[in-house]
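Before any questions on binding or motion, here is one chain by itself as structure tokens, the form predicted alone.
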Amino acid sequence: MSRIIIIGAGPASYILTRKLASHDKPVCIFDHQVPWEKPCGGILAINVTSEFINIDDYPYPRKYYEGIHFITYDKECRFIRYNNPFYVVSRKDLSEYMRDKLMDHGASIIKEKVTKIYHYNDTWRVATDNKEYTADIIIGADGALSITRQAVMGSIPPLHRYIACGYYLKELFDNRCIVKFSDFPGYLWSMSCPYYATAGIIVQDQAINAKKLFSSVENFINEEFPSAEIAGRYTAYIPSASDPEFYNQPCAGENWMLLGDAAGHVEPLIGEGIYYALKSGELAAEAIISGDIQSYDKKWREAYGNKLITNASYKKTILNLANQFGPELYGAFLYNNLCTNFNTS
């Protein structure tokens, strides 16, 4: 039986392992952080709860939102109520929930940091500070800075990345989920999670220096939550294709696969990735079970590739317009797109 190693114990690994376990295909997962908090996430949209996570059986606290408050560059406010409301959970809770499910399905989780992956004599070698492991199949589900992706095809370049940073806030009695647009290619946001609130900025990587990023978030907090108490700060990278040609790259080879953020399968405009991580795990399992790993590339393209390509094309257009006529145009076009298309059906 082929030895399968997955790097990363997030949503993609959760679905992949669950599907493989039902076909007696055990896996070994490496993740030195699990369970961990991911502040720029936690939204479980209707496609997540209808297809992958039964919210009624989810044992941890969650918050319920009926819509989003949008604030434009010129401070126009608009509340969009969704036909399908969404939940917000702690990513640490979700990570713990998935980790426990993985172990129930017989997965072996090794809490060691992978320092190197390389191919030698038809075998993958996975090195940590303590030991070297071998695998017949290597699967990267280890985020935007994926070491697996580096080993098989190279890193995701800054052109195709967002950077997200901001602050943890002590609990707010403000149940608004806010998205604010300004004079940069991205947006500011805030929401209350079960144990805390977060306020942050998501912007095209390298578009703004770090000092201005955090300064923008601080101004946002002072405007919307002047009494908020800051409890910590964070920074993270998120894939965000700025050109549809990005998706011409393969996400599977003869003995490797890339899932979720590691594959760059994140909504290019808003940076939402949980659904694509879960769906890619499901499709990867189908490919492995069928004995044709490379069929995964066809499966994800058919399932959601056209949506990613369409939105990457739109993003490329509005980036070009912002470069020509001013950065505030990016937010204006993104605002219009989100108000008319974002999860309102």
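Every value quoted in this text rests on a predicted model; they were computed, and no experiment measured them. In this text, residue numbers run from 1 along the sequence as written.
The protein also exists as the form predicted together with a small molecule; that form is not presented, and the subsequent description refers to it.
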State yes or no: in the predicted complex, is some non-hydrogen atom of residue 164 no more than 4.5 angstroms from a non-hydrogen atom of the small molecule?
yes
Even though the partner isn't displayed, in the predicted complex is residue 244 close enough to the small molecule, meaning a heavy atom within 4.5 Å?
no
So, in the predicted complex, is residue 298 in contact with the small molecule at a 4.5 angstroms heavy atom limit?
no
Does residue 282 make contact with the small molecule in the predicted complex, using a 4.5 Å heavy atom cut-off?
no
Heavy atoms within 4.5 Å of the small molecule in the predicted complex: which of the stretches 143-151, 245-253, 225-233, 208-216 has them?
143-151
Contact residue in the predicted complex, chosen from 82, 133, 196, 237 - any heavy atom within 4.5 Å of the small molecule:
237
The single option of 96, 183, 174, 272 touching the small molecule in the predicted complex, heavy atom within 4.5 Å:
272
Is the small molecule in the predicted complex close enough to 52, 257 and 287 that every residue in that trio has a heavy atom within 4.5 angstroms of it?
no
